[in-house]
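The form predicted on its own is given below as one chain in structure tokens.
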């Protein structure tokens, strides 16, 4: 057997010239002082510590949903919105006024506009009004054109990756969970993303189907790239082409090739609970299923393992945060983060799902409950007593150490 080794020897010989060439380049380099760093400038544009934004327009999507267009607040040092991947979210940092009190809170919202529109200078976020929602009700009543908002850089891992994912995407969305798929659909139909999307969208009300006309038009104009199947769970369905009931494995297999697709899921907690059995029946590799975190669990008492005998209890949390030492009351059915925000401590947080680790804190003493679906701690964190307040529920008195805002 003949082996050709000339190529390897040639590569090795090149390494012998590497250091002399480097010395020569250094000696011939200009002595002028470097006044700018283009790499760091690009990094700052892509990953700013804070984006200062302003609402430039508001669109009524449905009876319960509005889209807010966000542009740079030119009174600040923000001049561009950071680029992102379709499917990522912004963590908004806002002041919410309830009665005479003002609370500093964070809430994550998927970006519903596309990445190429960020290059045009704006984001869009779409918010569904939730009964009793701490921010959504306040936003509906108080946010106007000109309202200023602080936001993080784009965050999250709910995006298409051609190296990891199949070129065909099956999207399973429910309620406001359609927002990241709108970003993907716009990116795909504009030719910016080399993939195709079959979207199954579950709604409980014909009059509350978000982006119905836009998705219908896109699917009609780009049938080879986008297909949408609306699934309605309301008692009477009058819209033509809509399916009745819930998104099931049978429906998915009828309209899409699951063996040649990656599945992306985004919706309310109840949808995740229902789809778990349906998706499991498809017997797909875990790497082919991507799930957007659904934020704080609204009904933690329904999670397996939660101690129901403690659900009505109110505990005391001893908090060390910077130089502050204080005690905070906390309900067993609310996250530690919510208790801290109600006490106006405003600790750092972003995803509110136990995923990003931004609120990582130290549990000095006491017991907490964490749903397995929301436990994003590393093995070392579990061993040495660190936890994420956004996904942890107090089931005893606690003593904790919380970081200050970065």
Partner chain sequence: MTQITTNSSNQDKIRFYNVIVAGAGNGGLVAAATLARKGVKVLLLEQHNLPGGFASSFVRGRFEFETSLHELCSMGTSDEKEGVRRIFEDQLNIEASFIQVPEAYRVIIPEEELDVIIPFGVQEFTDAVEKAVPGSKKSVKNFWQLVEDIHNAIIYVGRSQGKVDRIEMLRNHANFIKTGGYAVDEVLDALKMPLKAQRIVTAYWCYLGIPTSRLSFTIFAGMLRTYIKGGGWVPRYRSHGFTTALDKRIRELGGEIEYNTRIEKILVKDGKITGVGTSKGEIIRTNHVIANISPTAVYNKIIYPQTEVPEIAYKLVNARTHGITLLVVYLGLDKSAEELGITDYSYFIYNKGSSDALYEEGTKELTKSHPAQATVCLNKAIPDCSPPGTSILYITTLFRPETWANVKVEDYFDLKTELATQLIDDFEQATNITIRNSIEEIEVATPITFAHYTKVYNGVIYGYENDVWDSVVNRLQSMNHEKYIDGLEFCGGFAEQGHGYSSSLDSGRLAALVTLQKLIESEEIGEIRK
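Positions refer to the first chain, counted from 1. Everything quoted here is computed from the prediction, not taken from an experiment. Whichever C-alpha set is largest while still superposing within 1.5 Å between the two forms counts as the rigid core.
There is also a form predicted together with its partner chain; it is not shown, and the following applies to it.
Only one of 50-58, 353-361, 66-74, 366-374 places residue heavy atoms within 4.5 angstroms of its partner chain in the predicted bound form, namely 353-361. Just one of 153, 117, 278, 296 comes within 4.5 Å of its partner chain in the predicted bound form, counting any heavy atom, and that one is 153. A heavy atom within 4.5 Å of its partner chain in the predicted bound form is found for exactly one of 205, 244, 312, 161: 161. Although the partner is absent from the chain shown here, none of 93, 230 and 249 has a heavy atom within 4.5 Å of its partner chain in the predicted bound form. When its partner chain is considered in the predicted bound form, residue 329 lines it closely, a heavy atom lying within 4.5 Å. Residue contact with its partner chain in the predicted bound form: residue 401 places a heavy atom within 4.5 Å of it. When contacts are judged by a 4.5 Å heavy atom cut-off, residue 290 counts as touching its partner chain in the predicted bound form. Proximity of residue 255 to its partner chain in the predicted bound form falls outside the 4.5 Å heavy atom cutoff. For the partner-free chain shown, 30, 31, 32, 33, 34, 36, 37, 38, 39, 40, 42, 43, 45, 46, 47, 49 of 30-50 come within 4.5 angstroms of its partner chain in the predicted bound form, judged by any non-hydrogen atom.
When the rigid core is held fixed, the Cα atom of residue 49 travels less than 2 angstroms between this form and the one not shown.
Once both forms are fitted on their rigid core, the CA atom of residue 34 lies 2 Å or more apart between this form and the one not shown.
The Cα shift for residue 382 between this form and the one not shown, taken after rigid core superposition, is smaller than 2 angstroms.
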